[in-house]
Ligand SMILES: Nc1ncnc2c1ncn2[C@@H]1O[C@H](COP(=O)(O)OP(=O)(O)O)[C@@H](O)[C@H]1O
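What follows is a single chain, given as structure tokens, in the form predicted alone.
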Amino acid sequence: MALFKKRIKEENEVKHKQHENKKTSKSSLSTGGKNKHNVQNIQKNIEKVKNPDVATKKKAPVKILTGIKGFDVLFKEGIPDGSSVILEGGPGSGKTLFCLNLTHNMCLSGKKVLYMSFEEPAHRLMEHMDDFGWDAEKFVDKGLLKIQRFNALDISRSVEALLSEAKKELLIEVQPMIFPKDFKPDVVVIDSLTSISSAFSGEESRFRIYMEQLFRYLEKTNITSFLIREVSIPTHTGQTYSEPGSAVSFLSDGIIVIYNVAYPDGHRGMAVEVLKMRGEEITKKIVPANIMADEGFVVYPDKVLEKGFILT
């Protein structure tokens, strides 16, 4: 009997040890699984650091093309969608025609364009487009184009009234001031900032306030804008942007300059330069351009200017 009890005791001890061994084994497997999971997480985090796009799955930024012959070659991909671009040049350099050509091409691609004129009436601009075979009326009928004339003095008065109402706090809503409520554009052309600036004569700070709010609104709504500005001195010759309305150059995402060119023999020409464009690789050079009756604004990116030219 004593021997039987001893054997039972020994068997129980063996079973207890076996049970303990199984628990230890399961614990090791569980820990091993956790360690394996941790290693996988670490590897994923390393991959996110190496390649952020894997983690965020960001889409490549959209780039748009102007469609102006030869001009888009000056960009590696195009103008980033939603950019605010200043188009500046001297009197008669072709700024308005450049933007009308661009307007036609944008409408052809299905984009809605608002052309805001502070100088010429809408019917005159439509006539300019028709002269080059760009059927403005067709795009208006399709709801792709709206050309409207605005009064710059109305804007300056509105800014003053809103500033007074806000007790000099810069809380201005831009959209109710100038943008038509019945038309939501993808692209806006403003022709010109020079005219708007003149309405703020002697009140440069008011003009800057307005422009800051305008650029902020364009950025918030992701509207691509082209803003014409007249300058009397070529940018590359040392202009310090001291002319009225010059502060917007620092607010813009890009600057395109159209030059008048004078040659020693007396004849004149045109040239174009993309001075800056945030978020895009550009060709840094001045290239010849021309206005052709059957093509509109044409840029020659592979040509060089004749010797002895002077940019004006």
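These numbers were taken from a predicted model, which means no experiment stands behind them. From 1 onward, residues are counted along the sequence shown.
The same protein also exists as the form predicted in complex with the named molecule; that form is not shown, yet it is the one meant from here on.
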As a check of understanding, the residue in Gly110, Gly133, Pro91, Gly202 with any heavy atom within 4.5 Å of the named molecule in the predicted complex should be identified as Pro91
As a check of understanding, the residue in Gln213, Ser117, Thr96, Thr194 with any heavy atom within 4.5 Å of the named molecule in the predicted complex should be identified as Thr96
Counting only non-hydrogen atoms, the one stretch of 178-186, 216-224, 83-91, 139-147 within 4.5 angstroms of the named molecule in the predicted complex is 83-91
At the 4.5 Å heavy atom threshold, is Glu230 in contact with the named molecule in the predicted complex? yes
Of the residues spanning 266-303, the ones with some heavy atom within 4.5 Å of the named molecule in the predicted complex are Ile291, Ala293
